[in-house]
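First, one chain by itself: the form predicted on its own, in structure tokens.
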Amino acid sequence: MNSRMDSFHFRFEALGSGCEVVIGSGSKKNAQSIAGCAIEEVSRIECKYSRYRTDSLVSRINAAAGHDWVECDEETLSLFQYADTLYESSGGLFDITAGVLRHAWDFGNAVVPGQDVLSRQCSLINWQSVERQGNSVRLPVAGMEFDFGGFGKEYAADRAAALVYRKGVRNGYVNLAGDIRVLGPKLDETPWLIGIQDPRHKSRTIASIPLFTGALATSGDYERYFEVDGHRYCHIIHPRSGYPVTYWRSVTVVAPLAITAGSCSTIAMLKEADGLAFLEDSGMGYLAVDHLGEMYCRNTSSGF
């Protein structure tokens, strides 16, 4: 093996987005092999939990809503347990049955759905009604759905990074469309600088956050949205009103795990004006931009 260490970048498409694995290694062949394992892990999770795949476990559970129980493995049961924790810590706002609202909001067409449509979809949102018995789960009402989109990408980043770490890599990161899990610093022991996009100017950044290790995730109103009569409607939708959130333009959180960072940033968005207090109570580093463009941040030893 070449004793000289280099950082090797491997780009790939997954989860509908551009992704990247960066690995510090003395051998490109070794780095390529490890990156391939990480990419396979991301693909495995996408195939298993994507709501867009008719053969995924999530789609099978959703298709059985109102009828059959579906048996789940330990990995899936642990994710349900995490969903339970998120529901409780968010006061019921982070609800993985809220994905049904995507049937009302089509971000490919700038049409605001009527109140009757939203009320019908909101009536299907109820995590607490989900039936779990042993290793099986059942959605009690036809039309109910699970949607792991709120933490699936971040979970995949953590799993892929853990796999890379087990292979002996101590310098690099996994980046799944901006949800980043850092394995360790650059080869010169300096931190990776993660640029945070200006939520109103795609080509600009509002900050660069140094990370030696840990994770970073951002939720915002600028990824998928449309505007009607000067009002922006984004893809982060409040499960009680059925309407997109409006208070925050973006929320970035630094945490030990990508799944934690992503969940906290989304909950802060859903909590609207109360999101800042939630971020403060979380103890994690954050950078938030409100609807007026005002910035709020807290630095922590995590990397800010």
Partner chain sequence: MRSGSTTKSTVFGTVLLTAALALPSVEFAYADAVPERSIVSFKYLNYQDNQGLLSQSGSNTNGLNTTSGASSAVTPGTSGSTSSGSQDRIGVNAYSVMALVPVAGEWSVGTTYTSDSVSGASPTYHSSGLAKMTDLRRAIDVELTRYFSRGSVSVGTSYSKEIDYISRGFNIQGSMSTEDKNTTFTLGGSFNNDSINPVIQPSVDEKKQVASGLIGVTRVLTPQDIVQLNVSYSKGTGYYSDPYKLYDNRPRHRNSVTALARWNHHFDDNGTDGTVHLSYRYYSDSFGIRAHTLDAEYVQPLYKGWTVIPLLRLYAQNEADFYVSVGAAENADPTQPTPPPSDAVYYSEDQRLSGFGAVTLGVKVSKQINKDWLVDVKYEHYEQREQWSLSGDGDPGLTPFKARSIQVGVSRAF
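Residue numbers count along the first chain shown, from 1. The shown structure was predicted, so the numbers you read here are calculated from the model rather than taken from an experiment.
In what follows, reference is made to the form predicted in complex with its partner chain, a form of this protein that is not presented.
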- Contact residue in the predicted complex, chosen from S208, Q115, S123, Q128 - any heavy atom within 4.5 Å of its partner chain: S208
- Note on the structure: Checking K29, R53, R60, R240 against its partner chain in the predicted complex, the residue with a non-hydrogen atom inside 4.5 angstroms turns out to be R53
- Query: How about G66: is it within 4.5 Å of its partner chain in the predicted complex, going by heavy atoms?
  - Reply: no
- Message: Test of understanding: in the predicted complex, would E189 fall inside 4.5 Å of its partner chain by heavy atoms?
- Response: yes
- Is the gap between V100 and its partner chain in the predicted complex 4.5 Å or less for some heavy atom pair? no
- Message: Would you classify E145 as touching its partner chain in the predicted complex, given a 4.5 Å non-hydrogen atom cut-off?
- Response: no
- Query: Mind listing which residues of 156-180 have a heavy atom within 4.5 Å of its partner chain in the predicted complex?
  - Reply: D158, R159, A161, A162, Y165, R166, R170, Y173, N175, A177, G178, I180
